[in-house]
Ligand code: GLA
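Coming up is one lone chain in structure tokens, specifically the form predicted on its own.
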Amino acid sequence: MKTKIAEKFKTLFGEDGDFFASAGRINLIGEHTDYNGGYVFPGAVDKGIMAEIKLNGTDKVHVYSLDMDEYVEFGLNEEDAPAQSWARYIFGVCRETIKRGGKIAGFDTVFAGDVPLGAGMSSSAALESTYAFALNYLFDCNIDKFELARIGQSTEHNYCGVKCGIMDQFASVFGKAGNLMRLDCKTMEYKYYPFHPEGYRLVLLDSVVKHELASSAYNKRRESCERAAAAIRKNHPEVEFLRDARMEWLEEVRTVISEEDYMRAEYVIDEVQRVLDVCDALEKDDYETVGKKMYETHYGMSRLYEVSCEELDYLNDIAKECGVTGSRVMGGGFGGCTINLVRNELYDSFIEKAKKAFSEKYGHEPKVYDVVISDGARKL
């Protein structure tokens, strides 16, 4: 990837720039908890975005996407927003950095990625984090790492129309090889947990399905959670987010909120607790409990939060049949991947069965991605 980027950069711009990279992410557990003030448990992976960048002394950005085979130029004022959705991520990072006092000028750049698109591994956060980190470095903005993650999040909110939480960008900026991270999305406190599952492997099975629902459905789930939290708050003023609520407090408002809002809130309250249970289990190297909690999360996402889909439920069922320790849908849902914690000795038979059975039912095999926990945003 680096060689291809360098060749294209040389062809387009004539001289060499600096290389920067950031990572996609997995999330072991803690899905749809981030915008509810809860905990998430991500790690950066060995697939991400890489970019070569050089300042060009103008007030224009010249950017080429190797993967899209597309070239775009834009200025740095609000009215200069490019039409191409992929370029808006880079434009948004420039604008959000400027809003925080960073002095950004024109630059030339070529980027490419190997994060599978649509697999729920956050290629967009990897893209934002690469450029947030790079611009902060190249223009000496002195912005701290948390603010770099927020720049990515604000880019999604203000330039891409997705009201995402902070998890993806946090994982992409703070990722550390061999460690997962528990982030408290309310206080922004975080802790690294060494992740070396002896005798197990983490593998993603990508359904290669993307149901067109995701962003509108995502925003609807968020509104459901906010309504439930507001209802609970009337009785318990200390409840700022659902993460602060207890199951019995949700029960108290069951008759005043819709059944749908109740189910969404029930899932979130349970999931916040599951993250803590998994942290406890990991400290004891108890991967069987970790796996059990993953299955519970899948059930909740499928039946209560209703963000799974037939193909992901099928992959989850196959995992159960094969004796896989843990499996669940990963990411926002409606397609993408399951994340699976598999004993080494079951790995080959599980992958073989999943490919065969899925292909017979849906006409194509799932893609298989082994997960290596790696470093986040950095200069190469």
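Note that residue numbering follows the sequence shown and begins at 1. For clarity, every value in this text was computed on a predicted model and none was experimentally measured.
There is another form of the same protein, the form predicted in complex with this ligand; it is not shown, and what comes next is about it.
Q: Counting only non-hydrogen atoms, choose the one of 312 to 320, 331 to 339, 65 to 73, 51 to 59 that falls within 4.5 Å of this ligand in the predicted complex.
A: Contact-bearing stretch, as computed: 331 to 339.
Q: Considering non-hydrogen atoms and a 4.5 Å limit, which listed residue (V253, C164, A245, C225) is close to this ligand in the predicted complex?
A: By the 4.5 Å heavy-atom cutoff, the listed residue in contact is C164.
Q: Just one of G30, G326, G43, G37 has a heavy atom within 4.5 Å of this ligand in the predicted complex. Which one?
A: It is G30 that has a heavy atom within 4.5 Å of the partner.
Q: May I ask you to check whether F139 falls inside a 4.5 Å heavy atom distance of this ligand in the predicted complex?
A: Close contact is absent here: in the predicted complex, F139 is far from this ligand, nothing within 4.5 Å, heavy atoms only.
Q: Answer for Y218 alone: is it within 4.5 Å of this ligand in the predicted complex, judged on heavy atom distances?
A: The answer is yes: Y218 has a heavy atom within 4.5 Å of this ligand.
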